[in-house]
Ligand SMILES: Nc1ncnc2c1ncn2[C@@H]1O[C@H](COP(=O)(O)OP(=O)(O)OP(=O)(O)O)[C@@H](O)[C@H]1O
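Single chain ahead, written as structure tokens, the form predicted alone.
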Amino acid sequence: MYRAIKEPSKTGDFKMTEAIRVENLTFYYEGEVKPALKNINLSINEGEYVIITGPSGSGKSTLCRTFNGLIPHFYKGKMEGEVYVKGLRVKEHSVRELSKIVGMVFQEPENQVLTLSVKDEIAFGLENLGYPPNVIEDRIEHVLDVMGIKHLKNKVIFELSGGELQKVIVASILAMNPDILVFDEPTSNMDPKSALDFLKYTVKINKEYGKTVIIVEHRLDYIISYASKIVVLNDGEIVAIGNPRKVLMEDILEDIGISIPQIPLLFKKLKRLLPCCETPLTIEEALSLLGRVIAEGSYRGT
């Protein structure tokens, strides 16, 4: 069980539906004169699937580190503003406390491995939280099933592929039943098929199990249609935020080098002809839209 939601001090009422709130956040890493994050304001509701994207060095990983308390408790520096997780003020709660609410999957899965076998890796966190053996065994079976890796249960960690290891890490975090899962570029070292398969599991975790999912990802075409919100960072600042159908139409994305998925990019080029239509994110949506437009004759001639 998680501790009761605590009202944040001085900065206004925390909405019960909010999983994370960031208020006027600026952060300087120790010894740096340039801020890694500048005046970030962000609200993420429970059950959302949120994509954070931006060019290299834009502050994506730094922002994610504030969600589980690695900033300011592990990565030292100067932090201005506030971050609240389920109503808890991050500055006032340890990484250990916050890890019960926020599970984080890093870019390099081998850096998170603590044991030699898959079963032991999933059990590790539960054992440290004091769960009885029967509960641990039940949770191991459940998360192996959720992640589709039951066949890996008795494998040795070094026998796994990169994609398999990433799924094991997610399973070990899921076993502790956090409300929020944060994925920091989890597919950066995967081939396209492995990346697509893995990202489908993040969607499953969100849609079928009701977890709030925050994912730093540049392969937007794989998951953009599932996102409720996209946050675009550049040089430590949020330059675009909101519904993907609207954000993907912003010129700033191409200006800073974000690769827009092909379907919305095509629609953006056709916007002059289809000014009143909602941006499609998938081939199916695009075909449906074009069918309606042709049937209704609601396009502008050249």
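Remember, predicted model here, so these are calculated numbers, not experimental data. All residue numbers are counted from 1 along the displayed sequence.
The form predicted in complex with the ligand exists for this protein as well; it is not shown, and the discussion that follows is about that form.
Comparing 238-246, 52-60, 255-263, 38-46 against the ligand in the predicted bound form, the single stretch with non-hydrogen atoms within 4.5 angstroms of it is 52-60. Across the proposed site, Phe67, Tyr84 and Lys91 without exception lack any heavy atom within 4.5 Å of the ligand in the predicted bound form.
Interface residue among Tyr131, Tyr75, Phe106, Phe124, judged by heavy atoms within 4.5 Å of the ligand in the predicted bound form: Tyr75. Within 4.5 Å of some heavy atom of the ligand in the predicted bound form lies at least one heavy atom of Glu32. At the 4.5 Å threshold, heavy atoms of Glu185 reach the ligand in the predicted bound form.
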